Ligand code: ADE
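First, one chain by itself: the form predicted alone, in C-alpha cells.
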C-alpha cells in the first residue's frame, strides 16, 4: 500500500529542502551553515523554537529565482519517488524577495517553470499556497496577502499562515485572510499543534478557513471534535512531524486514528520531511503498522484530500483519473 498514489496537502517548500541541497548552496555561496547540521549532515535542532531557527537559517542560502527553481525540482523528485502524484506546497514570499511583489513574481515564475518540468518528467502536479509567517507579524502578512492576490490563478490556489503558533492571535491576521478570500484563494491555517484546541477554534472563527494545518490538539476537546466532523473541516495531519517534535511520544499514541473514527476528515502529509526523517511512503507504512490501516483506508484519505485540494476542476478531474487508474 505504501506504493499506491498519494496526495499531499501540507508541505513547506523550503522545509522540504534536502540537507545535501542546502549544504551545496552554502558551499557555493561561501556561507557557513555548519551549526545547523549534525555530524551525519542532517538538520540538527533541539525543539520547535530551535527548529524554526534552523529552518530560517537554511533559507538564507536560497537567494535567487534559480535557487528556488532547483529547489522545487529537488523536492518534487523526492515526492514523486514516494508515490506522490499531487502536492500543495506552502510558498513564502518572505523567503522569495522579502515580500516585494516584483521580486515575488520572478521567484514564482521560476518555481512554476520547475513545477511544469516535474509534471512532464515525473508525473507529479504541484500547486502553490502562499503563506505568511505568523511571528513576522500582521503588517508583513498584509504584504504577503497582496502577493497572493496579485498572483492568484491556475498555479497559486491557496493562502495560509505558518510559523510560531504561540505568538499573536488569529484575529490579528483577519485582514490578510479577507484579502486572500476576495482573490478566490482556498484558505488554511496552522493551528492545534502547539496552541491547543482553542487555537483551532480561533482560526475557524477569525480566519474562516476550510482546512487546518495539523489540528491534532482538537482531540483534547470532544465538543470541538464534533464541530469539526459536522462542519467537514479538513485536517492536514502530519504524524511524523508531530512525533519528531515531541508532541506525541510514538505512532500509536498519535490521535489521527481517534480523530478519523470520530468522523473528522483527516489527510496525511509530511510537513518538512528531511527535518523529520520521513517521506509519504514512510507515513503510510507507519500508520498501517500502528493502526492497521488498509489500502482502502488510504484510498479514502486520498479522496478527502482530492476534494479538499485547492485546485481548479480540470486539475481535480485529472488527478481523480490517476487515482482511479490504480
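Numbering follows the first chain given and starts at 1. None of the values given here were measured: they were computed from a predicted structure.
Another form exists, predicted together with this ligand; not displayed. Remarks below refer to it.
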Of the options 168, 245, 80, 174, which one has a non-hydrogen atom that comes within 4.5 Å of this ligand in the model of the complex?
245
Based on heavy atom distances of 4.5 Å or less, which listed stretch (286-294, 261-269, 45-53, 24-32) is in contact with this ligand in the model of the complex?
45-53
With the partner left out here, check for me: in the model of the complex, does some heavy atom of residue 241 sit within 4.5 Å of this ligand?
yes
Though only this chain appears here, would residue 214 touch this ligand in the model of the complex if you measure heavy atom gaps against 4.5 Å?
yes
Taking heavy atoms only, is residue 163 within 4.5 angstroms of this ligand in the model of the complex?
yes
Just to confirm, residue 190 within 4.5 Å of this ligand in the model of the complex by heavy atoms?
yes
